[in-house]
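Presented below, as structure tokens, is a lone chain in the form predicted alone.
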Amino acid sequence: MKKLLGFCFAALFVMACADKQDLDDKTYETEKAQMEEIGNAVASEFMGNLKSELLTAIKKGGPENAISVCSEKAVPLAEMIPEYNNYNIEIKRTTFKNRNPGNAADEFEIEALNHFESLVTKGETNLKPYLQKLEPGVYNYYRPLKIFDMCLNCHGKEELLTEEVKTELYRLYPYDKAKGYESGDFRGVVRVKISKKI
């Protein structure tokens, strides 16, 4: 009888744990979907604003004029979105080949960049966003960035850059590592850090 009771208690405990695990999994999947939705919306808004500024600058003064947009306006544009749906938001662009040393990747961003680089090495071209859970209520969402033809004016092969672009790049970014790309190359990520307001 004692053995039977012990077995019943053990079975109930296992069932309770399984139910809790199912609930935890559902909660995580719901939260994950919400974080991906927020990350996508914020990254799209930020990149849309930045692209608009770059195109305007190029029309006014050529590719060399666009370099100062990334230097002077990218951070203020990122800071224009400090919160979203009751979450605190922090935006950063990062890559292994950074132009601005201040955009160097931290340990979490390195993990994400390695994730994308491994996919590229395997021949994957349709790179999807990547999500990290840093701690309860805090996530990093990563939007992969690719090089487009327009980007080659400032990020292409050294020998193809105009002298005006080279001069401006050296003036603003003497330690620049962000050249030598071809159209379609993986460039880096927009990282959106999302944290619940306390």
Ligand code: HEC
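The first residue of the sequence shown is number 1, and the count goes up from there. Predicted, not measured: the structure shown is a model, and the values here were computed from it.
Below: the form predicted in complex with the named molecule, not depicted.
Shown alone here, Phe148 lies within 4.5 Å of the named molecule in the model of the complex, counting heavy atoms only. Using a 4.5 angstroms limit between non-hydrogen atoms, Lys51 touches the named molecule in the model of the complex. At least one heavy atom of Ile58 is located within 4.5 Å of the named molecule in the model of the complex. By the criterion of a heavy atom within 4.5 Å, Pro63 is counted among the residues contacting the named molecule in the model of the complex. Using a 4.5 angstroms heavy atom cutoff to the named molecule in the model of the complex, none of Lys32, Ser44 and Tyr139 count as contacting. Residues are counted as partner-facing when one of their heavy atoms sits within 4.5 Å of the named molecule in the model of the complex; in 161 to 192 these are Leu169, Tyr173, Ala178, Arg187, in sequence order.
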